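Here we start with a single chain on its own, the form predicted alone, put down as structure tokens.
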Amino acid sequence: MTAIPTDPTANPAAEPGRLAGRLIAVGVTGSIAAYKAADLVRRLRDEGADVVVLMTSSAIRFVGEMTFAALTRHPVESDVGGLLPDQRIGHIVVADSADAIVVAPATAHWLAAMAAGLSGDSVTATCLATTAPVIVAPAMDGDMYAHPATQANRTRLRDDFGYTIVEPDAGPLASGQSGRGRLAETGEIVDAVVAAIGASPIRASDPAARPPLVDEPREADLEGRHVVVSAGGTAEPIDPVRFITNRSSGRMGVALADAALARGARVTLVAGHVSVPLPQGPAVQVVHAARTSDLGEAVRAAMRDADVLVMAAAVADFRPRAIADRKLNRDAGLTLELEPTEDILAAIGADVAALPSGARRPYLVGFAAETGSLDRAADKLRRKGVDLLVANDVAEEGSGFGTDTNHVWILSADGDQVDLPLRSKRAVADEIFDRVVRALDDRDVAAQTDRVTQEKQA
């Protein structure tokens, strides 16, 4: 793929941490030291790790799941039978994708359950199901840790299972006594995780293979705005049975609609052929449009009071010049004569450009799906008359049609160009709306300034 040139000093990358690109699972069990796991999560993230948390039911009595979900942006795995939204088993996804699992704090009960292979909680079940290194940091009363049963379980985990044991520190304990049982310092635990992973390759670099992200709370910065989003592919009939279409699933468009709703917008979603659930609720209107002409009419109708149009639909570029009124016989063979469909976005861009000075102008965002090169993207931005163009190489692995992730370039009419590395389509949607919101706010400020100036001159 040919990259669009940018200034490499514009957004200098931060120094990568020792765990950059890694997924680390933190298992939290029912110890008073569970609160220290929050600091451990923070330190792992400071080292560049993506972190997901597993909790036993007793751990939740000390620290709530919401704390760790907010820190990691991943749902907490606390139910051994819990399913992810895509129906994958949560703890199995963690077991298969984590580069390491660190259990901190690990109680005497958990050490015993793990040594016996009792998978009654998500932490034990994940450790049983993984081939990743496991690091265990015990924390408990001093006499409890010194008990022969606890020591036997600790030794079995170390010698038979190959787990790394980060020994507890000596000092004052929650019981009021003093002894060896305090959770080791978080920095020491992080060092043990780094050492256990070593130079092994990343187990699951594709975000789709990892636990999903929790949507980050957003300010209602689109409240009072009307956003029109098109999604999915259009289909052009050949006969009453067959049609020409493309591979679009509608995921990107639906992610955009969801993101706009989360930011307080009123949304009109014009949906072609989609294979994902559509948003519901009082703030969204879904209009179904199968053909390119139908989609164009629906978008134009919705644009009458729109503040933003995001044209994410994969509109068919060609249609049969003639449509058979009966199903064609396969024995006769088939030759299709195609003609281009209307370029909906370019036509809307021309209409907006022709608006008189001072008229309310909607903000236009277009998408460009390319293969192998993005060289044409800048020309498409100019030719379609959009404010923002989102371009991607649909031939790139993990990007484009049918995937949950996307790697895009965002080009602005003012010449700005940003490369967004592979991330979830919802994350891409939020990046797009971050820019849209700033542009709308700037326009509102400029319009208000013009009105004040005109009133002073009158």
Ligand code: CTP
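Worth saying up front: this structure is predicted, and the values here are computed from it rather than measured. One rule holds for the numbers: they count along the sequence shown, beginning at 1.
The protein also exists as the form predicted together with this ligand; that form is not presented, and the subsequent description refers to it.
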{"query": "4.5 Å heavy atom contact, Ala106 and this ligand in the predicted complex", "finding": "no"}
{"query": "Interface membership of Arg156, this ligand in the predicted complex, 4.5 Å heavy atom rule", "finding": "no"}
{"query": "Met140, heavy atom within 4.5 angstroms of this ligand in the predicted complex", "finding": "no"}
{"query": "Proximity of Ala260 to this ligand in the predicted complex, heavy atoms at 4.5 Å", "finding": "no"}
{"query": "Residue among Ala129, Val194, Ala369, Ile165 with a heavy atom within 4.5 Å of this ligand in the predicted complex", "finding": "Ala369"}
{"query": "The unique member of Asp317, Asp239, Asp351, Glu219 whose heavy atoms fall within 4.5 Å of this ligand in the predicted complex", "finding": "Asp317"}
{"query": "Within 4.5 Å of this ligand in the predicted complex, all of Arg18, Ala38 and Arg42 (non-hydrogen atom)", "finding": "no"}
{"query": "Stretch in contact in the predicted complex with this ligand, which is absent here, among 330 to 338, 377 to 385, 272 to 280, 176 to 184 (heavy atoms within 4.5 Å)", "finding": "377 to 385"}
{"query": "Within 343 to 367, the residues that have a heavy atom no more than 4.5 Å from this ligand in the predicted complex", "finding": "Asp343, Ile344, Leu345, Gly366, Phe367"}
